[in-house]
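In what follows, one protein chain appears twice in different forms, each by itself as structure tokens: structure 1 and structure 2.
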Structure 1
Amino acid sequence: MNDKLTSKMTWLQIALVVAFCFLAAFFCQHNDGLYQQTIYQVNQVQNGKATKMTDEFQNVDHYHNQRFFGTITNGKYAGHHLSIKNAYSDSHAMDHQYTKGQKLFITLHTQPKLHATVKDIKRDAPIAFLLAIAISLLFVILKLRGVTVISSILINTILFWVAVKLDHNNNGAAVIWIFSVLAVVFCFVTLLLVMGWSKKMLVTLSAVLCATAATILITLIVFGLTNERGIYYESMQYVTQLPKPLFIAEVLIGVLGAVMDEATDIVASLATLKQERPELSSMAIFKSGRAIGKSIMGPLINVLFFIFMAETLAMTLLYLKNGNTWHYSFSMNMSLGMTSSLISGIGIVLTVILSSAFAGLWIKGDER
């Protein structure tokens, strides 16, 4: 009986999730009225002939012309039919092949007569669909805890955006300070949501903050001693202000989550241990903390390593295909990601030491 009930629940859940995801995508597919930019729907596509082309590095690609017909779906010219020309290559590095049914952002020109050029494709529907999958999975698997997780992400996103705003208003002059304060606030809010207000939470918070500060300090010392040889700040992407402080701020925020993750694990396990066996000395607690940390640090460093390194893939590939050496392609694209990974690694290892030590010193057996 009970089994039947649960399986029914699951089918209902699955149906709800699927409906929710498609509803989210459907809404975004039809929200053109919310945009200021002109949106255009492709109704019919004529593909032209392909032209073969070879660049100076003997890379072979094909260039295609296409013309499509469709209608403007929002704004002053809603309902107007229009035909637009487009060209794309096989590699789609900077161009797109458009197909029937897609919605595009276009720039309208009214002189001499109404015509248009494509700016970009509208991407909100797939993103909404994916976010809907993620949110419903969080709820289905975590149940109520999903609310905490999602609210923590939301609060942190808002805080992050406020910090970006402050940084911009300061023209990037105080980027490290702004993001250091943000880091403290981030930790406080996140740990409060994960652990609640308790002594355990304070121990974790101090371990996280000390480990992060020590990591930045070590990084600056190493940078000072080596004169930052092999660090190519000019290869940083999307830089609109002084790159070095920006890089430090990036690493600082990037490593924070992993360090909190680890410190929470270690402190929580040690608190349970101390509760079960109050006779353990501070040194014994420290040693078991180190044993726990030893096993999580490796996989955790790999988490950040893959996040930092994978995003350099496309640009590195392009460098290699443009006749650059492996070494140069690495230096100009992957070296900063590598540096971030190593600094994060240092932070993660320091957290093992500090959270075990703080837990050993401050957690007493009778407390929860």
Structure 2
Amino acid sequence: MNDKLTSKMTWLQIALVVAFCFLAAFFCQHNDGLYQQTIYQVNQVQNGKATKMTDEFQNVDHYHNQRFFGTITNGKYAGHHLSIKNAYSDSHAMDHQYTKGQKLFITLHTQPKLHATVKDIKRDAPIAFLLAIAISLLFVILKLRGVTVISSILINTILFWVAVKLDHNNNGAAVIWIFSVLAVVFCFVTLLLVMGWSKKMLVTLSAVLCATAATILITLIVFGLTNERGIYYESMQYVTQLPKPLFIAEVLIGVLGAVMDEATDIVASLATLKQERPELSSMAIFKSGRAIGKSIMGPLINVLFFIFMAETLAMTLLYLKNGNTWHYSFSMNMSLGMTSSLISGIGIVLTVILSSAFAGLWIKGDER
């Protein structure tokens, strides 16, 4: 597999990928003039002595004071030299350790004299570097089809931003309806750009929408029958609107991504199989789709489980380190992630059945 991949990549393509990535990072490292926020470059750091701290649960941490010297790189005070104090802990739970060469966003204070406090680290250079690598690899491996993938990502990002703005303007009153419409548009745009307008695309679209709708319906029925026992919405921190509709919207988008990936693989495989063996009956196609689904839904469910649970790992460990029980730590941090994983698993299983059934009914031997 790797030999076939590298054989398609010429040395010129590899060189262009590397050059594009470094140019993107170089541009972001020297684009301070484009920012309205004041940027400060650290030229020298002086670290003080560490102070040991132990809490009532015998958790040990060390606190450090540091002073760094540097230069403002943009705005009215560009070129001015400043020294800034900073305190940080080894755990870095609520603070940062700054090092020589970093660029920081700062807030300037002019009274009684010019001084500053640090707001955050300027991170656009490494982000741009990683983004450039991803885009370059898409073009190198997929050639012009990489354009459709990138286009779908950009369009979906804009659509998601519009949905969030609409939800914000409506104070969360119609969050489920907004994200339901968004899910349909997401699915249609992505499949249209990736698969093109074809019967395969329509079969995949039908399977994805039906599986997603059925999954959400089952979720709401189960929530109603169980009175949502064991669902701790209070773990959704800083939420300023009703948490249940927002959680359903989150699950809706999460399920959509999982089932779309699975349905695309199954329908594309069955379309190729039907094209090569047009004599296969609808039942044979259905059984083949189930066989394909069995081989991919296990790893897919596990991937979603790991993603949902990994997001909560840090807070769970923090709860445990502060004397909370496993039950309480799990309930307050991992219960919603586990619930999302189970709901996504239901959607993945339904997608196997629906994708196989729709493909068997609608895809003909001459369908490309």
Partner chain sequence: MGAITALGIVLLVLMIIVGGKQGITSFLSLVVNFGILFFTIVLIAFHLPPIIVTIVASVILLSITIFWSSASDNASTTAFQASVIVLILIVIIIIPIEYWAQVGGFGLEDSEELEGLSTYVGIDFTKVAIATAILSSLGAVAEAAIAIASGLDEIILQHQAIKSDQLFLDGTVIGKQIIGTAVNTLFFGFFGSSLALFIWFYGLNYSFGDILNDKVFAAELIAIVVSLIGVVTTIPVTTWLMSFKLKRLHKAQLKR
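For clarity, every value in this text was computed on a predicted model and none was experimentally measured. Throughout, residue numbering runs from 1 along the sequence of structure 1. Take the two forms, superpose them, and find the largest set of C-alpha atoms that agree within 1.5 Å; that set is the rigid core.
Q: Report the structure number, 1 or 2, for the form predicted in complex with the partner chain.
A: Structure 1 is the matching one, since it is the form predicted in complex with the partner chain.
Q: So, does residue 270 move by 2 Å or more at the CA between structure 1 and structure 2, with the core held fixed?
A: It does, since the residue 270 C-alpha is displaced 2 Å or more between structure 1 and structure 2 after the core fit.
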